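Have a look below at one chain only, the form predicted alone, in structure tokens format.
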């Protein structure tokens, strides 16, 4: 494919059309931000039930390797972003070759969607990470486990894993064979084997970088998970030390500049007992924990995504409130009773709680269906109110 002249920035409101790859909740919120700023929009996603479809001016429902869909999408969109990493890099490279503005770039996506490349990149930037070994065979897994000190490790597929999928825990060398087989063995290689670290909590650092090189960061967010899926987020992360904040800012600047990022990037980290951070994962897009920026910050992560894509200066990330909490609403709220949760009770009893539903047609345990947000000054009150609000919706049932 011949290289065409790139589209010039900025992409102006009420003139340009912005495209999003992926039709989930992150794409849905991107579309809302784009529409608020006056852009036409097009969404391309393979799933019939994509909740973003109802908000776009144009909808393309087809696999991401479909040639006709590619032609249609690129005929409409001057600027392109995406809401998840499991995309063909070749598709983005082809868009860039046509001169389209792609944010973040295919280069950033290629690194972030492959766990081994990601770890090697972080290593090259001297950013702290857990010790790891690339693994292709059972013999390499056994050798790697021994090389990491015969200590508990996590093995992960190099690509396509999220929310705890595509990974297993190895506690002793005797576990290697069964865990390797459960992940598909050599057929699904390569894998990342990394040492389990004794962290005290997980935090997310959301960064944005403009086309002009300006970097902004959001306050660190504490994240609590249930069965590997995000359950509760608090921002700013409670009891955060100046040392931890300073390290987070240094990581943000190093990554944003080193990757040549233009767009939004989430850095998922482990905080250790001494307050230091180890980077666990990169996501070149807004993050579910960052939903709370819509209520709590001057500029949401989604508006930031649009501003970076279109070539404008980034907005302020300052908090408008002392603190904010986010409670995910998972599919078991629906599946446990077989009926729609009692939204009326929630809205009547908790007028201070903001409800966001994603419009997904089918619910199943572990699937993110919506979230609640509450702002305030006291973390204990935020947590207890969110828990009561979730309880008011209907009977709860754990994962099945």
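What you see is a predicted model; the values in this text were computed from it and never measured. Positions refer to the first chain, counted from 1.
Here the subject shifts to the form predicted in complex with adenosine monophosphate (AMP), a form of this protein not shown in this document.
Asker: Hey, of 251-259, 237-245, 274-282, 324-332, which bit sits against adenosine monophosphate (AMP) in the model of the complex at 4.5 Å between non-hydrogen atoms?
Answerer: Among the candidates, contact is made by 274-282.
Asker: Can you work out whether residue 320 and adenosine monophosphate (AMP) are in contact in the model of the complex, taking contact to mean some heavy atom pair no more than 4.5 Å apart?
Answerer: Because no heavy atom of residue 320 falls inside 4.5 Å of adenosine monophosphate (AMP) in the model of the complex, the answer is no.
Asker: Closest heavy atom of residue 209 to adenosine monophosphate (AMP) in the model of the complex, within 4.5 Å or not?
Answerer: Judged by the heavy-atom cut-off of 4.5 Å, residue 209 is well away from adenosine monophosphate (AMP) in the model of the complex.
Asker: Find out whether any non-hydrogen atom of residue 156 is located within 4.5 angstroms of adenosine monophosphate (AMP) in the model of the complex, and reply yes or no.
Answerer: Yes - in the model of the complex, heavy atoms of residue 156 and adenosine monophosphate (AMP) come within 4.5 Å of each other.
Asker: Mark residue 195 yes when one of its heavy atoms lies within 4.5 Å of a heavy atom of adenosine monophosphate (AMP) in the model of the complex, and no otherwise.
Answerer: So residue 195 counts as contacting adenosine monophosphate (AMP).
Asker: Just give me the single entry in 85, 140, 202, 303 that has a non-hydrogen atom within 4.5 angstroms of adenosine monophosphate (AMP) in the model of the complex.
Answerer: Of the listed residues, the single hit is 202.
Asker: Heavy atom within 4.5 Å of adenosine monophosphate (AMP) in the model of the complex: which of 113, 106, 217, 167?
Answerer: That would be 167.
Asker: Can you tell me which bits of 220-258 touch adenosine monophosphate (AMP) in the model of the complex, meaning any heavy atom within 4.5 Å?
Answerer: The stretch 220-258, when checked against adenosine monophosphate (AMP) in the model of the complex, contributes 225, 228 at the 4.5 Å heavy-atom cut-off.
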